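In the block that follows, a single chain appears as structure tokens, in the form predicted on its own.
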């Protein structure tokens, strides 16, 4: 007979087994049900860096709590770009049970048959996902994905170092900030900064558009200190760099370390994205992966993750919770009148994608 952990059951009794291990126990109130039928098995989770509450500063350690509830061991690995994640999934060296890519990459993975379908009727917490985040362009029938977080890209700057700056992507090209600016070290986001400045469609199928954006990136390269991904934290928090395009949620994280940082959505527009939970086709432990997905949707867990990573949440239990640290935050949840012009990335025709990836290599070598 299945051992079921009851609805709203707190985990206080399990705390006893952790005495002396140094972990600050957090009581949870679970709204779902969880079996221990898969205790002793393992799942491998592949997620972005700094993208899950890990117990720091007394917060909930999500993976640790899942292990306590289900007895399933979590092997947790991280990536820093969709392209890195894609190459690892395609390589097949590691069989992942959970991955959390962005919208356009999900479209590509679905097209290439790399994802399994997810029966959302078996996720008791799926009803907590806001309707506006269901049936999106990359998964119109909600067959392969469960939304995890939502974000937009903007520009972070150190007011103490550079004062107030123009509300434009053009600051990355402004020579007065030479050697103080950064840009993304991945092609899709880096091209976006130039495409927006040039007034392009981010999903253009015109090679001339991509060529013009590449030339714009080359033009601005002399201005850059470096291309970065997660390194942006250290550079912006310490003042080593003064201006960087990055994700809004990460700005809020950096602001806690450096109060001199400021943020804006450029007037030309920006990228909006939805990162979603998926199960790869070669997952070894799908049933356990389904438990993990449902656990991530738990109000306590989803709130802890939203507070830790600083991104907007698609989970209504988070959004509508006045105790949520970022409740009605104007950067994550701007009013309609303050909403920037936005575009999603879509999976692009293979020929165009190969073309812009080739251009990106040229930009980096320029």
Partner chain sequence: MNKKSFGSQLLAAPHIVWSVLFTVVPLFIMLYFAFTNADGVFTLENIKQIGLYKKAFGISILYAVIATLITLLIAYPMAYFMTKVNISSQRMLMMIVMIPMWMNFLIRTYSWITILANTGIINTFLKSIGLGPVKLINTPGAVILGMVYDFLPYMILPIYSVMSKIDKSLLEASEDLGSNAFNKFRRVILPLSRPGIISGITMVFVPSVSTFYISQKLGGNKTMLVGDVIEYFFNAGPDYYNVASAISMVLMIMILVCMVIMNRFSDDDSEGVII
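Worth saying up front: this structure is predicted, and the values here are computed from it rather than measured. Residue numbers count along the first chain shown, from 1.
Same protein, other form: the form predicted together with its partner chain, not shown, and the subject of what follows.
Judged by heavy atoms within 4.5 Å of its partner chain in the predicted complex, the contact stretch among the candidates 260 to 268, 277 to 285, 139 to 147, 232 to 240 is 232 to 240.
A single residue from the set 218, 117, 90, 207 has any heavy atom within 4.5 angstroms of its partner chain in the predicted complex; that residue is 90. Of the residues 249, 101, 187, 154, just one reaches its partner chain in the predicted complex with a heavy atom at 4.5 Å or closer; this is 187. Each of 86, 358 and 362 is positioned with at least one heavy atom within 4.5 Å of its partner chain in the predicted complex.
In the predicted complex, its partner chain lies farther than 4.5 Å from every heavy atom of residue 203. Taking non-hydrogen atoms only, residue 134 never approaches its partner chain to within 4.5 angstroms in the predicted complex. Taking the partner from elsewhere, residue 224 is found to have a heavy atom lying within 4.5 Å of its partner chain in the predicted complex. Mapping the unseen interface onto this chain, residue 353 counts among the residues with a heavy atom inside 4.5 Å of its partner chain in the predicted complex. Contacts with its partner chain in the predicted complex, taken as any heavy atom within 4.5 Å, map within 97 to 120 to 108 alone.
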